[in-house]
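This document opens with one chain alone, in structure tokens, the form predicted on its own.
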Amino acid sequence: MRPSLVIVGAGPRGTGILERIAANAPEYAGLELDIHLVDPFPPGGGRVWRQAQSPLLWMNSQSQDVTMFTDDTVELDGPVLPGPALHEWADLDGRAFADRQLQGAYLGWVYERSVAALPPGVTVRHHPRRALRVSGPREGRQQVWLDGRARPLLADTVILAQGHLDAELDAEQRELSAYAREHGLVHLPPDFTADSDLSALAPGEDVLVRGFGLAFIDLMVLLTEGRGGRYEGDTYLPSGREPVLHVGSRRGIPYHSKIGYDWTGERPPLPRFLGPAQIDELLARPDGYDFRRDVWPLIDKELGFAHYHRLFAAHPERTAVAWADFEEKYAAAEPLSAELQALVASAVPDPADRLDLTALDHPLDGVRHTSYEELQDGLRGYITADLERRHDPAHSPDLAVFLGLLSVYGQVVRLGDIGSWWHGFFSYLASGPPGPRLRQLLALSRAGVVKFAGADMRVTAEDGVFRATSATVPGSIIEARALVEARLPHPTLARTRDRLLRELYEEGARATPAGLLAVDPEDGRVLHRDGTAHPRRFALGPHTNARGAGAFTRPRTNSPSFRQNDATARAVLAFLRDLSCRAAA
């Protein structure tokens, strides 16, 4: 029988693996192969980027920062096959924020191009179904069982690339949902906003929203413009069908705006303090490492180096010593040490020009308002100042920190699962909404459609309603009959609604401390609790410790996801070639 590969998940990650299979296939000349893609959604975009969604929903990346193709910065064993970034393919202004429908079209085109690039002996078939289970012996063909199909697909190798997943409710969410059912309230648990049924949120109704990231931005758009409202300049004209959104979170503010200017001049030489050598040292420690103790200080020093390199180069009038002297002493100082803080204080006179990551992560710590109305004015001022700063090149060290974050992300991916805090911090600083979305948020605030609830938001269910409190306005209580959790589900192997992954875990697949599927960092083979790697099962994506960057990424950034896709594609092709050779012998 011809060798067979099943890829579960035909979205951007599955498509990226297919592109790498096509790129590497000529090295395995003569290999015949049947590839089966299993996904209920269209190949290319998959669920999240499918074209069948609201045209009001945007990407949060500029079109020039989105590509599915390798370039000469990507460190990989397979061939580099360049291709157009989104703005080049769509003939867009590179600074434009495309809608998700257009991104879905781009991903669909990448899929079709990848299929067309496969050698004549390789076939591809898409099965628009859900994969339910994988069975089979380690040394034999695997069976991939599909919803609504009596017989399984037979596979010599399987790649699990499901992408973002739904999750069963945790204890708190179950209690809130049960309370809502008992008292006739509305509770929308964590979900993909584009898939949420928002019809239960009535016009004019007060709605508590917990979460101030990108899921909230989608919710805001669908409940305002999506219900017929419109903007005239910086003024929002309601349709009358909008609910009133009271939004809060741990930080109490939205993610930082995307930076609205381009880089000029010399880039900071990164990595400097957190590069391959430091990661090798961490991985070699016999007793392991602790993120807060061992990794975070290196991240802080790396981002500080990027910040001050730019400050000294572009704004020397705001510094008090020569760069060479500062750099030498900065390199010698221990991360997070009093010595390092004293060096920065002596070299950078204005505290506003110093990088304080702790203050950035807790912007409302110690901030108190005497009334809910005063909080609205204060938060509008904060968001306005953030917008102005992120669009002003006088603050270009912010862009240097962004470049530092990209460098750090590309390094720490080798450490595997380091918990959710780092990914949230990265998204808060580097992956926030486009500037126009925050200007819309300000307009909605002035119109009274969105109201800010403050930091350290706490929600309780009592006396037949939901109640929210915040440390930012001591003593204030907001009551509502509807609560929306504006955040993505966080599925662990034990709680995922993906039956296939849950059964793999129950049968012995290893989970990381955070509950992700553990895979070999070299090629993505699924690891088991007995310490072995499955020879025929591979997995990549956000449900694994090989999550990497996003399935698509910025050009010329040596994308970890592209490196992972290439390594997995080559491992699969090598395995199938050896299998064919043994069968022919």
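Since this is a predicted model, take the numbers as computed values, not measurements. When you see a residue number, it is the position in the sequence shown, counting from 1.
Only in words, not in the display: the form predicted together with a small molecule, which the text now covers.
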query: Single option in Arg414, Arg510, Arg130, His369 placed near the small molecule in the predicted complex, where near means a heavy atom within 4.5 Å; finding: Arg130
query: In the predicted complex, the one of Pro40, Pro535, Pro26, Pro55 near the small molecule [non-hydrogen atom within 4.5 angstroms]; finding: Pro40
query: Heavy atom of Arg47 within 4.5 Å of the small molecule in the predicted complex; finding: yes
query: Partner proximity in the predicted complex: Val8 to the small molecule, non-hydrogen atom cutoff 4.5 Å; finding: yes
query: Distance check, Pro555 to the small molecule in the predicted complex, heavy atom within 4.5 Å; finding: no
query: Exercise: Val484 in contact with the small molecule in the predicted complex, heavy atom 4.5 Å; finding: no
query: Contact stretch among 327-335, 276-284, 448-456, 158-166 - heavy atom within 4.5 Å of the small molecule in the predicted complex; finding: 158-166
